[in-house]
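As a starting point, one isolated chain is supplied in structure tokens, in the form predicted alone.
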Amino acid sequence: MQSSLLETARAQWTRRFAGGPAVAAYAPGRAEILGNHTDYNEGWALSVALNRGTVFLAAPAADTRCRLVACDMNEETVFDLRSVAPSREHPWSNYARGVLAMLLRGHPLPSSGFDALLLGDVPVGAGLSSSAALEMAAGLALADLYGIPIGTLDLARAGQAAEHEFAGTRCGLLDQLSSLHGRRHALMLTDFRSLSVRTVPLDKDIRFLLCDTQVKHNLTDGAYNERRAQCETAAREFERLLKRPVAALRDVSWPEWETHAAEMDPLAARRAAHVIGENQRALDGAALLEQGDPDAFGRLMFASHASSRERFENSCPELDALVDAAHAAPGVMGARLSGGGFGGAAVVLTRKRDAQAVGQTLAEAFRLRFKRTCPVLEIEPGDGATLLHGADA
């Protein structure tokens, strides 16, 4: 997928710019498999890098202007390197603008801007983190273009800061770290307190289907930030009730929730129940995969979605219908929403031999219920972001 994207992007570059690109980078999208809204609660999550992503090409400009072309949308924007700011007219560009602004902090201002082109094949608004794919690809390419040394964790944090300061979403680091640390035939178990990432091997027979509801979630509209604020409120309540430091919901056990939930604001208690349960499901899920028990892992996925639906209330009718259909479909081991929620995609666990039939069954169930199509993508876990040394590679 990466090579065909790069080939298409290079052809688009030739149509728009004189000369060739000086740098090229690729970064994948991601699917969250277990651990919903746990990253900013300093918990654990299991995720996978997709075999779909974004290619970002760039070359120095003759002046301080920065020209950014998005082939997917046939749009472009121009801004000055000396005053990098968010754009209301081209919000898609804020992920690249934001990463650039973070890279430049603490470094001398370069003497030239850049021409850049991006092309991706991650469905936008499907909860598969097309934004993080853009941030990480842009970050790798622009850091190389300007000779700015940056480590993996700092690059992830630059993408997170771009989301916070330029896009208006107070996200955690799940998307960026997943895009950077992806491995073929493996999931990633991330500890969001230590920010360590451990690879969890996956049987090569396992497949994930991504069923895109085409309900375009927009995490900048307030619902995501509202859930984060509710989790922070719950953590403060637990600190008061437990009479000990509670930096985040990670610090609260399930028995402690059971003991004190009735003393809390009901909404805060429900939100906390989801996060505390998700942390345990992510840890249990990693252990089950390492023990070679994908069926039990799948049951955790179903439980995760039920918690999202009932406790965190970040699902939607389309996602619920897909997961219900998956529950009844032969060959399905598990299913749940993926990502921030409020729309986007459901991720379904199946085996290679069943993937095609399962995909057809779910797409048809969705069509009958909602009278429209539901694209189904079969994915295999892919490698993480990389700088493509020499754009001719």
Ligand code: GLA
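Don't overthink the numbering: it's just position in the shown sequence, from 1. Small disclaimer: the values here were computed from a predicted structure and weren't measured.
Keep in mind the form predicted together with alpha-D-galactopyranose is missing from the figure; the text below concerns it.
Only one segment in the set 170 to 178, 137 to 145, 236 to 244, 299 to 307 has residues whose heavy atoms sit within 4.5 Å of alpha-D-galactopyranose in the model of the complex; it is 170 to 178.
Of the listed positions (Phe79, Phe114, Tyr224, Phe166), a single one reaches within 4.5 angstroms of alpha-D-galactopyranose by any non-hydrogen atom in the model of the complex, namely Tyr224.
Contact check for Glu42: no non-hydrogen atom falls within 4.5 Å of alpha-D-galactopyranose in the model of the complex. Of the heavy atoms in Asn36, some are within 4.5 Å of alpha-D-galactopyranose in the model of the complex. Contact annotation for Gly340: at least one heavy atom lies within 4.5 Å of alpha-D-galactopyranose in the model of the complex.
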